[in-house]
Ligand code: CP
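Shown next as structure tokens: one chain only, the form predicted alone.
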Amino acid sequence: MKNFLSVKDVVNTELLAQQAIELKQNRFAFKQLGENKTMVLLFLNSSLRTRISTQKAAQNLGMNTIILNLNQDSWQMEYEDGAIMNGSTVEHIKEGAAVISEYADIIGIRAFPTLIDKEKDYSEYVLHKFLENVKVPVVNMESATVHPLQSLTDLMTIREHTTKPKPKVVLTWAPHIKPLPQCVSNSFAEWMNKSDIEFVITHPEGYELSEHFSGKANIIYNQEEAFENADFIYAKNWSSYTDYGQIIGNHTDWKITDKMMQLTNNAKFMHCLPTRRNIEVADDVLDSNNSLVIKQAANREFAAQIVLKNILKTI
């Protein structure tokens, strides 16, 4: 594995998830792999689980870690080629990224979309500007369109808690107070489409994901129908892809409640977190014995660690 940017960098999603599960039995077994190596984690956006879990995963493998909040702890970066830098930006990505890669053996990057310019966001502009100017492997810690570390975690968690070889997994849109990116939902969809599960996406009309990501998923606009006989319910808000970055309608009735969960096959509940309690999902669902959100978050460490282990074996 040279880079970990999306599911396209993974030969076998099920195998990688199983390797992450096995790694949990002895997280320090491969500590010599990262000895005297450094991972630099670059954050252009806020983070809790990704920041801590990826740093811990690197340290489990013996790596040194450096965390940098770009544009806050460092100079503000310019990304445009040919820019006349007479404004607020101080350092160009060509020098900035190149210098960082001199200090790092692996670089992690987290850069959210603007939710304004769809073409630019879906070109993964910021991520690719780094890739053009570094000479070490890059791990995507959530970009404008995908969050592969989260999706590997999700598959890993489903495999740990399923009672059948091919469970029914439902990705459901949930309401929110502000427009959110499609990253987690896009990524979850493409990973589920690559894995051996029955996959359903449910959302109000107007919230269709890009077909590039939704792929072969069964799309159902009736949430109650979609929930029938589900083994896993994965809730996530996302803004419109067609009317890019917009909230279409109120749809507060799409909140995940215990009444809705009763329609399922005693389904496990999943969410990437953070979640707005009693907006996206009710307390009694989050606090129930069927909620996997904390176990899911804990698995972020091992998903990141198996990715870093595979990259370290190549450098």
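From 1 onward, residues are counted along the sequence shown. Values in this document were obtained by computation on a predicted structure and should not be read as measured data.
We do not show the form predicted in complex with this ligand, though everything after this point is about it.
Every residue of the trio 50, 142 and 147 has some heavy atom no more than 4.5 Å from this ligand in the predicted complex.
Checked against this ligand in the predicted complex, the candidates 38, 46, 288, 257 yield a single residue with a heavy atom inside 4.5 Å, and that residue is 46. Out of the listed residues 263, 66, 248, 273, 273 is the one that sits within 4.5 Å of this ligand in the predicted complex by at least one heavy atom. Only one segment in the set 218-226, 147-155, 79-87, 129-137 has residues whose heavy atoms sit within 4.5 Å of this ligand in the predicted complex; it is 147-155. In the predicted complex, residue 110 approaches this ligand with a heavy atom inside 4.5 Å.
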